[in-house]
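Below you will find one chain, with nothing else, as structure tokens; this is the form predicted on its own, and questions on how it binds or moves follow later.
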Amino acid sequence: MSDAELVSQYVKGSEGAFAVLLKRHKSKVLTTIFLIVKDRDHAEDLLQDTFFKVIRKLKAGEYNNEGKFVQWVCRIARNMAIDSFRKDKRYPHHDIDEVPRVFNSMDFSEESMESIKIKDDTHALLRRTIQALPEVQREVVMMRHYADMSFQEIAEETGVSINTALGRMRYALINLRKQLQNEHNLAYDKNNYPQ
């Protein structure tokens, strides 16, 4: 039975149809998440959250059946994993055993309020500028820089060739550079970021 038929049966009330979909696609979705968060337990938690979200969206009629159910689920999983990854980067978790190592670090020093404000403003500006990119470019930037994925992994996750993934990144960087120069009058070091 195809995914489309199973989705249709589930929407009509067949819980067993969803169980088949889950069994069929669980490992692919888990791999998608794991490539981003790189932690098995966390990936399994996000897998559960992903399928809860899929159920809610199916029941709300938010899935238009184009025969691409697994890609739709993987996109939901990828977005949730990227959001989780970004949140973890902003608010890192420290085990109680790690705390002494953090405080004994040579790098442990207070930043001035001014440098913290500048850094926060810069990050916020960059986030806004990235959000304004076309979706395919934004996706590759998020996967590469926030999720630390290789271009091979990005190509596999998005179902395109490596050259296409690289091209999307190139155009994303060109667009980011133009946007920052035009709207915010920010220059960049041409030695570090050649045209």
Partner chain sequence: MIKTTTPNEVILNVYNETSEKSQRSFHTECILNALLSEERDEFEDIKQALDQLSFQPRQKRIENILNYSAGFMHSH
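Numbering follows the first chain given and starts at 1. None of the values given here were measured: they were computed from a predicted structure. Rigid core here is just the name for the largest C-alpha set that superposes within 1.5 Å across the two forms.
This next part talks about the form predicted together with its partner chain, which is not shown.
Not displayed here, its partner chain is approached by Ile130 to within 4.5 Å at the level of heavy atoms in the model of the complex. Contact annotation for Tyr63: none of its heavy atoms lies within 4.5 Å of its partner chain in the model of the complex.
The closest non-hydrogen atom of Lys87 lies beyond 4.5 Å of its partner chain in the model of the complex. Its partner chain in the model of the complex comes within 4.5 Å of a heavy atom belonging to Asp41. The partner is absent here; in the model of the complex, the one residue of Ile55, Val160, Val136, Val70 having a heavy atom within 4.5 Å of its partner chain is Ile55. Residues from 3 to 20 that approach its partner chain in the model of the complex with a non-hydrogen atom closer than or equal to 4.5 Å are Tyr10, Gly13, Ser14, Glu15, Phe18, Ala19, in the order they occur in the chain.
For Ala17, the Cα coordinates differ by under 2 angstroms between this form and the one not shown after the core has been superposed. Figure legend: C-alpha atoms of Thr31 and Ala172, shown here, are separated by at least 3 angstroms less in the model of the complex.
Annotation: Met80/Met149 CA-CA distance longer in the model of the complex than in the displayed model, change of at least 3 Å.
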